[in-house]
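Only one chain is shown below, in structure tokens, and it's the form predicted alone.
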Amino acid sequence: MSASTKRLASWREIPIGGAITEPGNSVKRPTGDWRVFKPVINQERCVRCYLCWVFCPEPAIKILDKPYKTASGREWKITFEVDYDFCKGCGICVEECPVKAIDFIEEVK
């Protein structure tokens, strides 16, 4: 058989690839060391609108049952924090924050 008439493998002959054999295994593989810039949430300016959490593709924004009281006396029942083990520094949360409560600073390693 010449190179121009070589038979292609059928779908049944091709080995399985790209299959997730163990659901949830991404938790075992931190990806945060890819980052060049990291988001830092300013708890004083954050209005807990959830947009950073909604738009985070990882999801590396965590919602914690951790009360926070601002300097002006406003009390929040939750706190948003970044899980730096999985944040890749894409900056989507920074762009989507309506009150600019997330700074994007250069990662220092």
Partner chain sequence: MEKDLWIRIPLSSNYAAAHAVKDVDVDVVAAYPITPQTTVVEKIAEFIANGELNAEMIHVESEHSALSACIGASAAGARVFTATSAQGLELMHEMLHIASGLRLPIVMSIAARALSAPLSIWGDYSDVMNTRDSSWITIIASTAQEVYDSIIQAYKVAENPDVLLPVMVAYDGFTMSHTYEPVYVAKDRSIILDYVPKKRPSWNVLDVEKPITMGVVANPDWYYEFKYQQVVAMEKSPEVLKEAFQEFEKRFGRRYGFIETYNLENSKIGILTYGGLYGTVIEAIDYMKKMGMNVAAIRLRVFRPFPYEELLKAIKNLEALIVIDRAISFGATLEGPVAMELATMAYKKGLDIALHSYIASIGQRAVTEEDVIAIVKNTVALLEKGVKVTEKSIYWGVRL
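Definition used throughout: the rigid core is the maximal C-alpha set that superposes within 1.5 Å between two forms. Please read these numbers as outputs of a predicted model, since none were measured by experiment. Residue numbers count along the first chain shown, from 1.
Missing here is the form predicted together with the partner chain; even so, the following discussion is about that form.
- request: Check whether residue 105 has any heavy atom within 4.5 Å of a heavy atom of the partner chain in the predicted bound form, and answer yes or no.
  value: Residue 105: no, not in contact with the partner chain in the predicted bound form.
- prompt: Can you check whether residue 98 is within 4.5 Å of the partner chain in the predicted bound form, heavy atom basis?
  reply: Residue-level check for residue 98: no, no contact with the partner chain.
- prompt: Hey, in the predicted bound form, is residue 69 touching the partner chain, heavy atoms inside 4.5 Å?
  reply: Contact check for residue 69: no, nothing within 4.5 Å of the partner chain in the predicted bound form.
query: residue 28: heavy atom within 4.5 Å of the partner chain in the predicted bound form?
result: No, residue 28 stays farther than 4.5 Å from the partner chain in the predicted bound form.
task: For the stretch 58-85, return the residues whose heavy atoms include at least one within 4.5 Å of the partner chain in the predicted bound form, in the order they occur.
output: Heavy-atom contacts to the partner chain in the predicted bound form: nothing from 58-85.
query: Can we say the CA of residue 98 moves by at least 2 Å between the shown form and the other one when the core is superposed?
result: No: residue 98 shifts by under 2 Å between the shown form and the other one.
message: So, superposing on the core, is the move of residue 15 at the CA at least 2 angstroms between the shown form and the other one?
response: After core superposition, the displacement of the residue 15 C-alpha between the shown form and the other one reaches the 2 Å mark, so yes.
- prompt: What happens to the Cα distance from residue 57 to residue 18 in the predicted bound form: does it get closer or farther than here, with a change of 3 angstroms or more?
  reply: Between the C-alphas of residue 18 and residue 57, the gap widens in the predicted bound form (3 Å or more compared with this form).
message: Taking the cut-off of 3 Å or more as given, in which direction does the distance between the C-alpha atoms of residue 17 and residue 57 change in the predicted bound form, closer or farther?
response: Residues separate in the predicted bound form, at least 3 Å farther apart.
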